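Only one chain is given next, in structure tokens, and it is the form predicted on its own.
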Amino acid sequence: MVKIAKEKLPVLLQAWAAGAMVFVPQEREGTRVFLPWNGEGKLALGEENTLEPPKDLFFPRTETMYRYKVQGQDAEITEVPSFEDKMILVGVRSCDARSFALMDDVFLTKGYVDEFYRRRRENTRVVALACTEAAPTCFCTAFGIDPGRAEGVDVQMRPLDDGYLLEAVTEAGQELLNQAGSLLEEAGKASPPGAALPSLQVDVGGVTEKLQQMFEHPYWTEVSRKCLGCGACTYLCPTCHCFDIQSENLGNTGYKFRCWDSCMFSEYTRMAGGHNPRPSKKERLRNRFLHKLQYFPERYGKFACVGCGRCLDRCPVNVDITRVIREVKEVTL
């Protein structure tokens, strides 16, 4: 294990940026988001997580799939060049690191591999940052996540008063540390603060089995009354992955692209003839919670929630997934 002084971290990021696109939490208009490091940004590696998860670096909000040209009866399709840029994500929290594994399940398993996602994922190295203070909306430990040690990352960072401890977890992570050269020093007996345990606790045991019996329960009508259907929860969620595919026609040329969508929008399930199997907020909100807590566990054996708390923090009417879990377990069938 090695150590880097806090004032040297920007130099390390600049060294990594010489061979890859480095994304790190930075201040932008009063909030924290992952942005490319250019040596001039204001690092935001404090205790708070970013407002938006870094999932868009693997699964962009809008992504061109292919271009086409039509000439008479002939059509020419041009593939979009493969994504070959290397990326390094620095400052990823344990909850978001878990979300990468869940997104891998969706895009890389069960007999189908999404090449757009795969190329970005394989060309990326992840440097995690341990949490030493939990926000009031954090509940990652409910899903077995250790806020002090992330899963599936290449380097684990732990904050010190005057710097950071760095531990290589993979060979790729060791290569990153090797690039640091004299910027690093032996950690010696440096001891990082303990990981923060969230004060918000919820027991998810048995919730999947209970939900399997609740599809038509009147509880969904009650819990959906205050929902605005704004979709903020889905756009800020690190594991939501709904998308739409559309075309942009420009005369005899155009391109096909996919873009983020939300199951909370009425248009998402509206069919060409006008029928909608989820006609109201009740069905749409029910689907969101069933996906997170029932459908995903049934398909992949894992909950599709990582307890990051972003939906709790930003929902304008306080629809709270932890409250839903507690209430579901108390519902009388």
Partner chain sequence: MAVEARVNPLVPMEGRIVKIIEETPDVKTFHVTTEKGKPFTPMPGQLAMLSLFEVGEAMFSITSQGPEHLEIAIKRVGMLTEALHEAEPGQTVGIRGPYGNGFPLDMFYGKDILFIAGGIGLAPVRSLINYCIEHREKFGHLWIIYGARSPADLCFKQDLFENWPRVENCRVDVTVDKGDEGWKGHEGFVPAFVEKLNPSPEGKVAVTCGPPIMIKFVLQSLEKLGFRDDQIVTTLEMRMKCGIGKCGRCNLGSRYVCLDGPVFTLAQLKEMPNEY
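Numbering follows the first chain given and starts at 1. On a predicted model such as this, the values are computed, not experimentally measured, just so you know.
The same protein also exists as the form predicted in complex with its partner chain; that form is not shown, yet it is the one meant from here on.
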Practice task
Let me know the one among 149, 256, 210, 217 whose heavy atoms come within 4.5 Å of its partner chain in the model of the complex, would you?
Solution key: 256
Completion exercise
its partner chain in the model of the complex has a heavy atom of only one listed residue within 4.5 Å, and of 203, 162, 85, 79 that residue is 79
Exercise for the section: Mind telling me which stretch in 71-79, 177-185, 164-172, 88-96 gets its heavy atoms within 4.5 Å of its partner chain in the model of the complex? Expected result: 71-79
Handout entry: Contact test in the model of the complex: residue 47 vs its partner chain, heavy atoms, 4.5 Å
Key = no
Practice task
Verify the contact flag for residue 302: yes if a non-hydrogen atom of it lies within 4.5 Å of a non-hydrogen atom of its partner chain in the model of the complex, no if not.
Solution key: no
Exercise for the section: Although its partner chain is absent from this view, report whether residue 277 comes within 4.5 Å of it in the model of the complex, heavy atoms only. Expected result: yes
Handout entry: Proximity of residue 109 to its partner chain in the model of the complex, heavy atoms at 4.5 Å
Key = yes
Handout entry: Residues within stretch 207-245 having a non-hydrogen atom within 4.5 Å of its partner chain in the model of the complex
Key = 215, 216, 241, 242, 243, 244, 245
